[in-house]
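Okay, so we've got a single protein chain in two different forms coming up as C-alpha cells, structure 1 first and structure 2 after it.
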Structure 1
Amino acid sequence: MVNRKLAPGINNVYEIDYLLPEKWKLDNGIDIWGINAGSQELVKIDFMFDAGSWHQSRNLVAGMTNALMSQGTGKYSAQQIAEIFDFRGAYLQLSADQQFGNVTILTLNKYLPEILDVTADVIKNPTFPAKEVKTQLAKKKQHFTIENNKVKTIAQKKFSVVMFGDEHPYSNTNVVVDYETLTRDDLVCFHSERYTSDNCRIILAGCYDRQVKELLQKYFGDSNWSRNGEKVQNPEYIIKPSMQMAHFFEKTDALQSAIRIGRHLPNRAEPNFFGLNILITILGGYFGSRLMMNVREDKGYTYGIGAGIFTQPNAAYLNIITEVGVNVCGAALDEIYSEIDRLQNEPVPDEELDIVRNYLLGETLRSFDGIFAMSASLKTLIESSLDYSHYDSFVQAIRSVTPAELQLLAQKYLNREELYQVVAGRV
C-alpha cells in the first residue's frame, strides 16, 4: 500500500536523455529534421517559413497571408479542405509570429498521402478568394476594436513600442486603418516571396518509414515553387527603445490597471541567459514565485502575476505582467520593485533555490516527454540556430548556479533605473 502521508521522493536529474534527429535534404534543397520514435502510426509535420512580421512591408500582411492560405487553393475549396482533414481525424494549424510563418499537420500515416496532397496545395497554391479576404478582415477588425479597448492590450502594445521603437517588427503598431487598406494583392505578393522552397524547413516527428520520406519528396521536393535563384533580401532593423523609462496611458473607465515592466536581456546563445532564466523564475516564473506569493497570495492585489524572458531570434527581453485593481496599482508597483530589490540585496536561500532547481529540471524533462514535445524542443533550437548542447548547458547551469551568482546577475540586470515601466488604466 502507498503511504499517502509521505511525499514522493525527489530524483536528481543529471542529464537529459533525448533522441537526436536525423537530417537530410529534399532534391530542391529543403532541410528536413526527423525524430523517428513512438509506437503509433502517427506523424506530426511542421513546415517553417521565413514569413513572419519581420519580413512584411506593412502591418498585418504576414499574419493574414498565413491565416488565409487554407481558405481555398487551386484544387480545393475551403470547405473541401476542412472536410478532408475532419473526415480523417487529421489536424491543420496555420500560425505566424514575428519571425516565422508555420503550417503544421498531424495525421495517421495511412492518410498521409491524401493529407500531404492537400497541404502541398495550401502551401503552394492558395487563391486568397477576394470575398473571403474581405470577410476575414472585417472579423479581425471587429475583434481588434474590442481587444484594443482592454487595458492589458493597450499596455502590451505600448510596452512593445517602448522597448523596440515604432518601426521595429517586434513592436505591435497595428491600427484600425490597417484592416481597411490591406488588399488581396498584398497577400498574394507576400506569399509568392516568402512561401517558397528557398525559405522552407521541415520537422518530421512520429513513427515513420521510408515511404513517408518519399511522400515528402514527391509533394515538396520539386523546384517549381522556388524563386529560381532570385534572392529575397532579408530586412535588417535597429532597436530604438524609448528614452523615457516610465509611461502611463490613462483609461478613465478602467476597473483594473495593466502593468508591464521589463528590459532587454541576453539572448539564448549568450553566457548569462541560463542564470537569468533561473533568476527570473525565482522572481515570477512559477506559481510559487516571489511575485505570486507577495502580490497575489499575501496582498491579494491580483489574480495572477508573472515574469518571464521572451526570446526571439533577434532579441530577448524581460516582461513582468499583471493586472491589478486601480486602487492598488501604486501599491502593487511598490511590491514588485521591493521583490526586485530583495534579489539584489539578499542571496536567495538554499532551500528556495533547491525548489526552483527541481522545478526547472522537471520542466526541462517535460519538454522531452513524448515525441511531439521533442519536436517542439527541436523547433526552438532550429529557430534560434542552436544545437542540443544548449539543453545540456541549461541542465548544468541549473545544477551548479549559486546564490552569489544570482545576486550578481540581479545587480547587473535588474537595476530599477534601467527597467521600462508601462501602466495602462488608472493609478
Structure 2
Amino acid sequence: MVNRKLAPGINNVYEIDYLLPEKWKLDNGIDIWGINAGSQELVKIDFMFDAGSWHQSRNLVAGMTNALMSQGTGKYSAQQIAEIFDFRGAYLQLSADQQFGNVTILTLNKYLPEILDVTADVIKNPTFPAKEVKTQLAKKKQHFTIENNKVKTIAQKKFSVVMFGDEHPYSNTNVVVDYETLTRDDLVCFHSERYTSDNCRIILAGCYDRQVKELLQKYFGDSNWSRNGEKVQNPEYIIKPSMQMAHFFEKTDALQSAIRIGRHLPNRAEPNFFGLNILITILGGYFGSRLMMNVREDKGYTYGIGAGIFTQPNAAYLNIITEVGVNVCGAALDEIYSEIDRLQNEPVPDEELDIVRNYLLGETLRSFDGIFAMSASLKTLIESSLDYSHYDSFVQAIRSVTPAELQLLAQKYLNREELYQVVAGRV
C-alpha cells in the first residue's frame, strides 16, 4: 500500500528551454523572428505594426482600420477572402490594441502560398468599401452597446480614465457617437500612414523551411509598400491621473458590483518590476493567492478575484479585479485592503514564498511550451524592446527574492492612500 499521508518527492530543478529564435531581414528591411518548432505541418505568422490607438487622432480609427482590412482589397472581395481562408481551414485574425495593429494567420503549410498571397493584399491594398464600413460599424456598435451594460465593462473603462486621464490612448473613452461619425477617409488615411513595410515586424512560428522564408520575401520583401524614408511622427502623451482616488458609478439594477483597484508601477525594464510581479502574484496572481483564499475561499463573496501587473510599452499598472455581490461589496473592499495591509506589515512566510516560487517557475516553463506559447512570449519581448535575458532575470528573481525585500516593496508601492478605486454597480 502507498503511504498517502506522505507527499511524493518533488523536483523543482528544470532547465527552461527558450529555443532562441533566429532573426533575419527581408530585402526591404523588415525584421523577422523565426521559431522553428512543433511536429505538425503548420505555421502561425504575426505581422505587427505600430498602429494602435496610440497613433490615432480620433477614437476607433486604429481598431476599425485593422478590422476592415479583410473586408475587400484590390484583388479580392470580402467574400472571396473569407472563402479562401475558410476553404483551407486557415484563420485570419485581426486585432488592434493601444500600441499595435496585428494581422495574424494560422494555416497548414500546404496552403501557405495562397494564404500569403491574400494576406499580402489584405495588408497592403485594402479598399475599405463604403458598404462594408457601414455594416461593420453597425455590428461593432451593437457589440459595444451590449458590453456597456455590464458592470465589469463600466468599471474597467472608468478605471482606465482615472489612471491615465481622458486624453491618453491607454484610457478607453469610446462612446456610441464615435460609431456614427467615423468616416471611410479616416480609415484610408490611417492605413496608408501606418501599415507600411517600415512599420512592420514579423514573427514566424511552427514547422518551416527555406521555402517558407522565400515566400515571405516574395510577398512582403518588396520596397513598394514603404514610405520611402519619409518618417511618421509618433505622438507623445502625458499621463494625467485623476486627483480623486475613489470613484463610484451606480447601476441601479446590478446584482453584483465590479471592483477595480490599482496604481501605476515600474515597467518591465525597471529595477523593481520582478519583485513587484512576485509580490502581486502572492496578493492575487494564482488560485492559492491571498485574495482568492480570503475573499472567495473563506468568505464566498465572489466567483473570482485576481490581481496582476498589466504592462504596455509606455506604462505598467496594478489592477485588482473582481465582481462581488452588491450586499457584500463594502465587506469585500475591506478584505482587499486588509490583505494589502498585511503585505506591508508582515513578512511573507518562507513556506508561502516557496510555493509561489515553484508555481511561477512552472508558469515560466508553460510560457515556452509549444509554438503558440513561445511565439506569444517572444511577442511580449518585441513589444517592449527587450531580449531573452528578461526572462532569465525573472527566473533569477523568483529564485532569490526574500520576504524582507517583498515587504519593502509593499511598503513602497501599496500604500492605501495611493491606490485608485473604482466601483460600478451598487453598494
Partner chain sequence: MIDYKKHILKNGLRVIVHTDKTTPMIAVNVAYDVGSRDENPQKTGFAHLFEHLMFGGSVNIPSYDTPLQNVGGDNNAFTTNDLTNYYLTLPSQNIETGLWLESDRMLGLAFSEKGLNVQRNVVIEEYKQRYLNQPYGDVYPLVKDLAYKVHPYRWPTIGKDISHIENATLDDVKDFFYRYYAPNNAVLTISGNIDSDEAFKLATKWFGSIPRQDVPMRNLPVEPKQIDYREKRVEREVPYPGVYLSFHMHDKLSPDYYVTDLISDILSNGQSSRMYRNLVIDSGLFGELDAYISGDNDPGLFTVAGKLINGVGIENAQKKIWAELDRITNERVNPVELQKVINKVEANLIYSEINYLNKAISLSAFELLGDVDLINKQGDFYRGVDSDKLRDVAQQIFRKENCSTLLYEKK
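Since the model is a prediction, treat every value here as computed from it, not as a measurement. All residue numbers here follow the sequence of structure 1, with the first residue given the number 1. Under this definition, the rigid core comprises the largest set of C-alpha atoms superposing within 1.5 Å between the forms.
Structures 1 and 2, same chain in two forms; the form predicted together with its partner chain is found in structure 2. With the core superposed, residue 11 shows a C-alpha displacement of at least 2 Å between structures 1 and 2.
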